[in-house]
Ligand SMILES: N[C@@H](CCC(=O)N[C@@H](CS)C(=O)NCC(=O)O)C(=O)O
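Encoded as structure tokens, the following chain is the form predicted alone, with no partner shown.
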Amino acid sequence: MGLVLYWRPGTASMAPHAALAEIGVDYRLELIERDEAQADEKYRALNPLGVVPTLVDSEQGLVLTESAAILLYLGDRYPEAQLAPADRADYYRWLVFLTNTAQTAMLRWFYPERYGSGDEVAAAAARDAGEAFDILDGALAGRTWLAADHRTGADLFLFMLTRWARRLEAPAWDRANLRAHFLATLALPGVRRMQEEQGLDLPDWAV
């Protein structure tokens, strides 16, 4: 099979996984457990950090890491799937905001010990994540999708981060526009397939 995605449930592999399913192309999933990823020399040859996701496109002789980069690549590789809009300025803006600002804040919240004094880092990260989700909620006012008049890779990335933020004191999906976006994205067949293949639970209000 030409496309292989190395993944772990609920991680940054969610958005690329959903993108592959939305495109409708054949792909194979290779589950990489956390300890295995760090110790497996074969996997670290593909991804030196030993994290997920990693996409292998054997037809193109390509190995690609980083969730946002994989989305950008798939948008160019399969233009008919419209993962990237024709006018890409907002798409680039929001995808970079999601990965550089919102995702970074969430990672600091998940792993505060990596960044300094745990409690202080976690509190600052929760504040920064909240500000990022407020901005995203405002950007979705009066519209369904973040970067175009149709779903794009940015929406798949935002769906992933909204789920990540479910355990914040103020969960991202408690904001009205983000909740509507989460439900609209969840209704996409590729996102449903990703949810099922990763075995991810849904909140009661989204079932």
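All residue numbers refer to positions in the sequence shown, first residue = 1. From a predicted model like this one, the values you see are computed outputs, not experimental measurements.
Heads up, the form predicted in complex with the named molecule isn't pictured, but that's what we're talking about next.
At the 4.5 Å threshold, heavy atoms of Y92 stay clear of the named molecule in the predicted complex, well away from it.
In the predicted complex, S67 approaches the named molecule with a heavy atom inside 4.5 Å.
Among heavy atoms of V63, none comes within 4.5 Å of the named molecule in the predicted complex.
Mapping the unseen interface onto this chain, Q198 falls outside it, with no heavy atom inside 4.5 Å of the named molecule in the predicted complex. The candidate site formed by V51, R114 and W164 is fully in contact with the named molecule in the predicted complex, as each residue has a non-hydrogen atom within 4.5 angstroms of it. Stretch 104-112 is the answer when you ask which of 123-131, 104-112, 71-79, 84-92 has residues with heavy atoms within 4.5 Å of the named molecule in the predicted complex. Note on the partner interface in the predicted complex: the residue among R143, R28, H150, R34 having a heavy atom within 4.5 angstroms of the named molecule is R34. In this stretch, 165-197, not one residue has a heavy atom within 4.5 Å of the named molecule in the predicted complex; the partner itself is omitted from this view.
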